[in-house]
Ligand SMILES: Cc1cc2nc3c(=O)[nH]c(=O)nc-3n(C[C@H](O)[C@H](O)[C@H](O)COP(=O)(O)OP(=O)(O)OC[C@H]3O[C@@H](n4cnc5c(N)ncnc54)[C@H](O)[C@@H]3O)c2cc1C
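Take a look at this single chain in structure tokens; it is the form predicted on its own.
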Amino acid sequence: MIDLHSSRIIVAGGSLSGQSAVTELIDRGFAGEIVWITGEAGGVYSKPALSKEFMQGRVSLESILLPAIDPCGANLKIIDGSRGLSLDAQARHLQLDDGRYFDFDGLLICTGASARMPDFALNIDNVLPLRTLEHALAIQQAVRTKPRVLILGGGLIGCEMAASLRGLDLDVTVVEMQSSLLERPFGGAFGDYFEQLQRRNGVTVLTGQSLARLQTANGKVTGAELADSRLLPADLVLVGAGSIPETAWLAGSGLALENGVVCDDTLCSSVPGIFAAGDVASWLNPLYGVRMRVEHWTNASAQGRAAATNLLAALCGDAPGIKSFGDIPYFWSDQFGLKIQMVGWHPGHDRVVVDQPEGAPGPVITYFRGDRLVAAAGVNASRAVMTFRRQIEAEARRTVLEPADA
């Protein structure tokens, strides 16, 4: 146990989980120093809006910024534009990329994840990912010339970008390696529906296809060659190849790392006094009995608060105050005026039930493992999905599933 009045907690990362953690520390009256290393200048913003309302030009930059934190008398030091360079977990020592370093008593790692960019997509003009505000602004600039757009990846970002750019009347083609769109987030159950939705709205969809190489001229992309030798012209290529947790700076730190910062069910890392939250945390979800890394807005907010609460309890020596963090994953996607929602964790399911409500624009799908409902999704079906969410959580809190192979 330490004297909290003379202690220092570092929050590394300007993500939503980082902001939530800082807010929780202040709300709980932490009396020591809070050092918030944001990594990005300009404040915390709504990342879900980047591929949706912001890309479509329906909202301004100012409107997607989250409210600035009111220190409320707390000893809060905000460091913008700098990132963690290295960490010595045992010595409690963190160095920044600008040469400064800080010792700490407690650390919250909220550095999120970065866009995965294949080697073939690097250092080519007009080949861009979408993960940050900087990426979104670059894409907005690029689409002003009305380019032919090729989107590599038919996941959430790829499909949302296709919908947004079709709203700007652009020529859009989506290339997906899997046999259906949105294979990973929906387990293939919505594949045909999403493909037809994209096609009806003018998007060219190519599934089961891989890229052989990008074509360039004078350092700029001009098109792409698929593995079957088909040539696709393109003036702008957007890469939706997933993400990589921001853990490179933690190499050699002494923390266990595997697809993120390895945490227990309380969000504590392998080193006491160091917790993680948000996209970077690979934690044992007690409601499912499996380790997961969830890249959803609601999860980042809840985990940031929970990790901060547990860190304070750990520093105080309050073992009963350190609680498990159990969460039912939830996300939504906006495409062509439709709201698609998903709750639960479908990996390991062995049965799917598809219901098409009369007059509804799309199906409601439920996922089961044995007799237990583990996930549900629907199109413009918020009431049904939220009802399923309550059922999923109630069943999960009664009985933890045995780990699945899937």
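Throughout, we count residues from 1 along the sequence that is shown. Computed from a prediction, not measured in an experiment: that's the story for all the values here.
The same protein has a further form, the form predicted together with the named molecule, not shown here; the description that follows concerns it.
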Have a look at 107 to 115, 188 to 196, 314 to 322, 142 to 150 and name the one stretch with heavy atoms inside 4.5 Å of the named molecule in the model of the complex. 107 to 115
Three-residue site E183, P347 and F388 fully in contact with the named molecule in the model of the complex at 4.5 Å by heavy atom: no
Among the candidate residues C268, A306, A300, V127, which is the single one with a non-hydrogen atom no more than 4.5 Å from the named molecule in the model of the complex? A300
Counting only non-hydrogen atoms and a 4.5 angstroms cut-off, does D171 reach the named molecule in the model of the complex? no
Can you tell me whether G39 touches the named molecule? I mean in the model of the complex, with a 4.5 angstroms heavy atom cut-off. yes
Tell me, yes or no, whether E295 is in contact with the named molecule in the model of the complex, where a contact means a heavy atom of each within 4.5 Å. yes
Check whether L50 has any heavy atom within 4.5 Å of a heavy atom of the named molecule in the model of the complex, and answer yes or no. yes
Enumerate the residues of 262 to 280 that have a non-hydrogen atom within 4.5 Å of the named molecule in the model of the complex, in sequence order, or give none. A277, G278, D279
